[in-house]
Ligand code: FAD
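As a starting point, one isolated chain is supplied in structure tokens, in the form predicted on its own.
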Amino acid sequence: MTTFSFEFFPAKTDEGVDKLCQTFDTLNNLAPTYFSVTYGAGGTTRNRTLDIVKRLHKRSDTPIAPHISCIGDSKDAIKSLLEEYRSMGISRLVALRGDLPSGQVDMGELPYALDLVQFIRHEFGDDFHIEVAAYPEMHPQAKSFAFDVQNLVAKFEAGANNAITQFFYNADSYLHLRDAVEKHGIDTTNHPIVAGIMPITNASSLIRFADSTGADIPRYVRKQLADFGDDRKAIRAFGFEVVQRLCERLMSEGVPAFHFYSMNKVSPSQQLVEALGLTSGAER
């Protein structure tokens, strides 16, 4: 059966944190495999991420996987943070390169995600289950698709357990990436490539985010969203149909899991999980 998980980002206010905890409780009733919590550029949300992870970890036995980035940070700072997570009982991480804060030029002691994976394994052995990022449509800064695939393969070989993709809306791009990784000798049964899924609820923000990350929105989707204008109800209905069809196609092709980018909201992800039959009566 296809499993699923959710991503949160750290809320900025006490009210936002309370609302996020309520969202967590609702989505947790769907019995996800885990929740991840993002981490700002250069560790700019370090304390807020840590606080959210602590709160959610205490609310449930469902694993919480903090994101941790390495670019612009020191080994000592990263090791200290990981030691704190380990002492809390956190055993799952999402290891990323991350983005440099605006105006900062120092890449730090671990400039790439591959370096971070190697560092975690060297310092902590198998204490953590490590997730890494994958890009079905190529990382925007990669030299080529082949180079990007080789980088993902290297992260697996360095000790990453599985990968989570950037969001996408073309199933063939995911399948092409999976095939390319397998051709390099990686068994994607043992090292799954999880499909990152972004529900469509707001046209302008989605297009802006996709353009900034290099994710492709198919032309027919862009055109249809533009035709809907400010009709939010129509956008959400169309977006739901697009993403549901995407997920159904991926499930038919044996995708092992979905990671839903929840944007700290309940309805979009919950509706997809239920429509896809992923809960199978597992509500807690």
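Worth saying up front: this structure is predicted, and the values here are computed from it rather than measured. Residue indices: 1-based, along the sequence shown.
Note that the form predicted in complex with this ligand isn't included here; everything after this is about it.
- Taking non-hydrogen atoms only, Tyr39 approaches this ligand to within 4.5 angstroms in the predicted complex.
- Put simply, Lys143 is close to this ligand in the predicted complex: some heavy atom of it is within 4.5 Å.
- When contacts are judged by a 4.5 Å heavy atom cut-off, Phe156 does not count as touching this ligand in the predicted complex.
- This ligand in the predicted complex is approached by Ala113, whose closest heavy atom lies within 4.5 angstroms of it.
- With this ligand omitted here, the record of contacts in the predicted complex names 130 to 138 of 130 to 138, 200 to 208, 177 to 185, 74 to 82, defined by a heavy atom within 4.5 Å.
- Contact check at 4.5 Å (heavy atoms) against this ligand in the predicted complex: all three of Gly98, Asp148 and Tyr261 pass.
- Among Gln118, Asn161, Asn170, Gln166, the residue placing a heavy atom within 4.5 Å of this ligand in the predicted complex is Gln166.
- Shown here without this ligand, the chain has only His67 in 62 to 83 lying with a heavy atom within 4.5 Å of that partner in the predicted complex.
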